[in-house]
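Next up: a single chain in structure tokens, the form predicted alone.
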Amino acid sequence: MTTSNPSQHALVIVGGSMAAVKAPSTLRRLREAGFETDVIAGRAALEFITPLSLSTAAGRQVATDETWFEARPDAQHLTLARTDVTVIVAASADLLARAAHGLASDLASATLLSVRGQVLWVPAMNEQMWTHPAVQANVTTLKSWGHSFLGPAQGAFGTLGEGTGTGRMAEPEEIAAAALALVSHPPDLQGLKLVVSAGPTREYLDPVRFISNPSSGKMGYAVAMEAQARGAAVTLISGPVNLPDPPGVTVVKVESAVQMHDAVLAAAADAQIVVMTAAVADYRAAEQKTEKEAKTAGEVSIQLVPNPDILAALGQHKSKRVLIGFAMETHAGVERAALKARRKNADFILLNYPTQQGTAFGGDDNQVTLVRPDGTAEAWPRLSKREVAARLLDEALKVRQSAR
């Protein structure tokens, strides 16, 4: 395993699952990878593992709810939160719920509220609990904040005849490798400004009705978080979405396509990379009513006019800026995406299909094809949107370097 920079630090939080017995081995693997480690163990975790075994593996005293209230010169939950990566091993349904709902009733959850580095959850529970809608809703919330997940894996778990299924915790070697990958972002975007658009637009017909689409904004927010982690100064132009602002990112909120056009062009004036992931409405009402229109028995006609084409406007004054667009098609995708890239002077287009299972609007994964103006295409496998963002930025840097 490649080792991390010696200055990198990992905080391990041990959850109240039977898999807590793997925590000492995980700590040792992290130290072998070059991390300095601290460890927090909750009361439930200490039912499965002793403080001595954890502190021996970590090389430091284990932090517990009891140490939190000891007389000390610092706020322990704030001190422990100053870490490059926080790894929650044997993560239980209870700890997932407390984190997703912002509770701070113990040292582990209070520290998680204070962490600003990478967060890696390694769940361990039986399949019935893991697949419950409440648990999955909490996982979705945490992912929307940029948290990463490893597993759970398929296999045997428990000692009470629970059998096999999805719920087994990942192995310590896998956990250490995943933690190392999270902090191994090269600072390759340092000194660059990146602008990314995200989410839908709303084109109001009257004060209460509008034309829109189901874009969640997750792809654009993933690009913003990945770029910020790699050192870029990031401005995110966001349509109306139900996502928290990414830490360290300048966020500009808009609603209509015209507002997004103006905000993107203003932010992009001094940007080196622009990524247009937003699902901008193609049309708006020719006349927006100032009062709610009453329902009528007959048919209603609405005159629509085109919205400004933001990608094309950026392409007209592209200069040395790297310009990336997204396209969503139901057929003839590569041909249409290549034509779009040529017409709008984009360096490449990422094409996806809304009807593809598991990658439709609102999902956490995406499966795209990179299409260049000359029609050459490269199909990527199904990846998390954060992984798509990482590949996208890698390609943007290649374009930038080839232009020099």
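All residue numbers refer to positions in the sequence shown, first residue = 1. Values in this document were obtained by computation on a predicted structure and should not be read as measured data.
What comes next is about the form predicted in complex with a small molecule, which is not displayed.
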For this chain shown on its own, do Met276, Arg336 and Lys344 all sit within 4.5 Å of the small molecule in the predicted complex, going by heavy atoms? yes
Interface residue in the predicted complex among Glu255, Asp84, Glu174, Asp309, criterion: non-hydrogen atom within 4.5 angstroms of the small molecule: Asp309
Within 4.5 Å of the small molecule in the predicted complex, heavy atoms considered, which of Leu120, Val280, Leu112, Met225? Val280
According to a 4.5 angstroms non-hydrogen atom cut-off, is Arg31 in contact with the small molecule in the predicted complex? no
Any of the heavy atoms of Glu329 lying within 4.5 Å of the small molecule in the predicted complex? yes
Please run the contact check for Gly167 against the small molecule in the predicted complex: heavy atoms, 4.5 angstroms, yes or no? no
Using the partner position in the predicted complex, report whether Gly325 sits within 4.5 Å of the small molecule, counting heavy atoms only. yes
Select, from the options 91-99, 310-318, 234-242, 215-223, the stretch whose residues sit within 4.5 angstroms of the small molecule in the predicted complex by heavy atom distance. 310-318
